[in-house]
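Quick heads-up: it's one chain on its own, the form predicted on its own, in structure tokens.
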């Protein structure tokens, strides 16, 4: 075997020195995983540092992202241009890409943002799905591999079980999970809280499993070689020593999340016979590292010209022009979830779109009739049955979106957005663009009761920076919202849809070619006494209120606001003019929490609910919480008449 020890020590001491200089970080994991990482990158990982975005490269994901210096060291050593020694020296400093936890920077070889433990495992499942699908479509003999490093914490988080279960079901044989089994967590030994039989757990969900010695280079090589031809996803459970090489802190929690300290660094240098100054890598070793990817040049030259199609804005506009024409005469009352399904029926097999649902396909209406199911037998399918795995689903979608091969969307109930929140936030942070379809978006869903009736969720979504929320009121608005969501390149979208039927009221009022998030759906554009804002299923209610109070001499302009996100990106002049009224009184009607709307009006002018719903038919629930034409009209009349 080659002398991997010195190559691994390059990783160890770059990591030690960076953490020491920053006075912050996690040296233990990079020190413990350096041997495995060396064999993987030197002999197995197919990548090209000179072309980080090569489509058919293998992907490397660091799920235990606190050990980020392992990744940054590898990227510097193998020659990624953006990962300079200056970046290493400025680990965890403002303005540098060497953040405390890896942040998505594909040009630098950082494939995904990982921080919350378990996310990276799930992201990797998404990447593996996308790469298998692409390889099938391109008729390639095998798909690129996705290698994931994870720790005990990743496996303790429940999201990991959701992800590995689906991966085993789909037989993702291009997924290799490498477990840093060091028996140490922040609190101390893992047996304080963790006594799982990890190997049996993975075997039970159809994974191939091997145990290995994490500092035995020959054993590491042998196992990595063995799993290259597996027919199912693989777990390599390597026994490792956290803080390997540190005389006083190895195998101890003290090496996990704090610098070793200057004296311990000196002792570690001595023990591992490393005589270089901080941040210095001997030329001979750096040359070996820089040449490690030359093994991939032949496959790179063969496949670098292979590309994938994307849906351009022009393609989207053409598709949606047809949809609008075909559906323009639709007049029946219809739930917006059904309106959404009507749109998805236009998605064809050659569209680079990958949909799915969390075991709610018939309720979310997320499967287009031309979509085939992606499963272990048909890896080129367009629709994934995620099962009841909302958190895993959202993180898997982030992995798919990060490959930039397919536009991905999925569906569940809006109340279950709570299960998905960490992944939704990370999508926004990464500026990637999955679309979440959230149906059953209000108390209007009725009899399923308060556990399923979302109250605060839509405003939770609106508060995620760099995201887009859409809540259409009918078919035409749903068409426009889907079109806008598909065009967004740098943020996730959340399309919130009704279970109950709604009238078609926007057809003659909404100019779909000039969508600005909000528009006048009823009443005069100027010289109105008051303005009423509403979204989704409450827009028809707002129109009914406007009609009723007109009999009392109050002229209302009703604003349908299917996207607060888009509206708030418009000019201040446009927004002020749209909401303007003679009385300067603005009212809001939305069957959810009221807090978000305080930016538009006074609390007493908001008609919503700040408590949980009730189990009853939808109309009765609306009545219970005062969201009826009569109750709202009377309150507005009293307010305006007594002003």
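Numbering follows the first chain given and starts at 1. Just so it is clear, the structure is predicted and the values come from calculations on it, not from any experiment.
Another form, the form predicted in complex with a small molecule, is not on view; read the next lines as being about it.
Participant: Look at the stretches 91 to 99, 261 to 269, 112 to 120, 443 to 451 and give the one with heavy atoms within 4.5 Å of the small molecule in the predicted bound form.
Facilitator: Partner-contacting stretch among the options: 112 to 120.
Participant: Determine whether any heavy atom of residue 47 comes within 4.5 Å of a heavy atom of the small molecule in the predicted bound form, and answer yes or no.
Facilitator: Residue-level check for residue 47: no, no contact with the small molecule.
Participant: Under a 4.5 Å heavy atom criterion, is residue 337 part of the interface with the small molecule in the predicted bound form?
Facilitator: Answer no; every heavy atom of residue 337 is more than 4.5 Å from the small molecule in the predicted bound form.
Participant: In the predicted bound form, does residue 185 come within 4.5 Å of the small molecule, counting heavy atoms only?
Facilitator: Yes, residue 185 sits close enough to the small molecule in the predicted bound form that at least one of its heavy atoms falls within 4.5 Å.
Participant: Any of the heavy atoms of residue 71 lying within 4.5 Å of the small molecule in the predicted bound form?
Facilitator: Because no heavy atom of residue 71 falls inside 4.5 Å of the small molecule in the predicted bound form, the answer is no.
Participant: Quick one: 153, 157 and 242 and the small molecule in the predicted bound form, is every residue within 4.5 Å by at least one heavy atom?
Facilitator: All of them do, each having a heavy atom within 4.5 Å of the partner.
Participant: Would you kindly say which of 483, 256, 351, 425 lies with a heavy atom within 4.5 Å of the small molecule in the predicted bound form?
Facilitator: Looking at 483, 256, 351, 425 one by one, just 256 meets the 4.5 Å heavy-atom criterion.
Participant: Work out which of 61, 29, 37, 591 lies within 4.5 Å of the small molecule in the predicted bound form, going by heavy atoms.
Facilitator: Looking at the other structure, the residue within range turns out to be 29.
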